[in-house]
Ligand SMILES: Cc1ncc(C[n+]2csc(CCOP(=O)(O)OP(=O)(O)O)c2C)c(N)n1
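The data below hold one chain only, encoded as structure tokens and taken in the form predicted on its own.
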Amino acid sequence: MSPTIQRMKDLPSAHLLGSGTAMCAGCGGMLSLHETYDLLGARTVFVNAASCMTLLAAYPYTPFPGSWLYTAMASAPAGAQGVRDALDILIAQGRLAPEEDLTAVALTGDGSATGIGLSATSGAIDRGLDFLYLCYDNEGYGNTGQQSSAATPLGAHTATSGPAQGNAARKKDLFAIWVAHQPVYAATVVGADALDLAKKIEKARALKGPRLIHALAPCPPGWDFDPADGVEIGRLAVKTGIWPLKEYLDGRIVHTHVPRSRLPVEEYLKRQGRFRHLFEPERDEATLTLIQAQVDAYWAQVAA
């Protein structure tokens, strides 16, 4: 076990909530990014699609010692391609020593990853671009008021779903879309499980080619919960089975955590104001049953 992973394993939950930046308190996306950066270090170039994380930096400063490049929401993979090509040319010309090479990281929210930037991402995977794609998934367009995105789950209330109803569509499966492209590596993570995240980042870092890290990002203002509950919300997503922790490598999907005694999905949903309408003033039994059935069906297929 590497010293960095051991350090993450020993971190108390209180530390996991802190990011040292001016993001929203309890931001699950910042938590995953912070843990990822601890492993990747300063020899990185983050190509950031317009998103909540755009608020991290004000030119010419960033909170990280590495490099940071902004792009339009659809353009992070293209930006990463340019960075990667430039680094390869510099190395080929002898102007950059191979040991001084940098890792190109596309950093996006779920709006870019599952919608606006999906075609550019598909093209980058097809070209075999050597980049790490980190999506922090707060299940909506959080930077502009938590409108529904293709990653918004069934039943969740958003700014665009109407006052008394939740999202009518199922969450788009970004992991499955990447796996269909047969990338070098793909994994789901959550910042609340720092050890699992660290193992996957170290595995991805050792590979070359298109690699996905898809991080569930509990969002206190968008999901309507107390910022102090951010880590617990992330853990409940795993314990209820609504957020499977898994990875794709060498043509195989492996679940890195299988909740043997899954909690009812209600335990996760009722902690978030975006699902309050499913419980009051009257229980929406049909929607709650459907959400539970979808989760049960997923894990039954895994066990088959």
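Just so it is clear, the structure is predicted and the values come from calculations on it, not from any experiment. When you see a residue number, it is the position in the sequence shown, counting from 1.
The form predicted in complex with the named molecule is left out here; the points below concern that form.
- Screening 138-146, 189-197, 171-179, 230-238 for residues having heavy atoms within 4.5 Å of the named molecule in the model of the complex returns a single hit, 138-146.
- Among Leu39, Leu278, Val265, Cys52, the residue placing a heavy atom within 4.5 Å of the named molecule in the model of the complex is Cys52.
- Residue in contact with the named molecule in the model of the complex (any heavy atom within 4.5 Å), chosen from Val184, Val83, Ile116, Leu102: Ile116.
- The named molecule is not shown here, but in the model of the complex it comes within 4.5 Å of a heavy atom of Gly111.
- In the model of the complex, the named molecule sits within 4.5 Å of a heavy atom of Met73.
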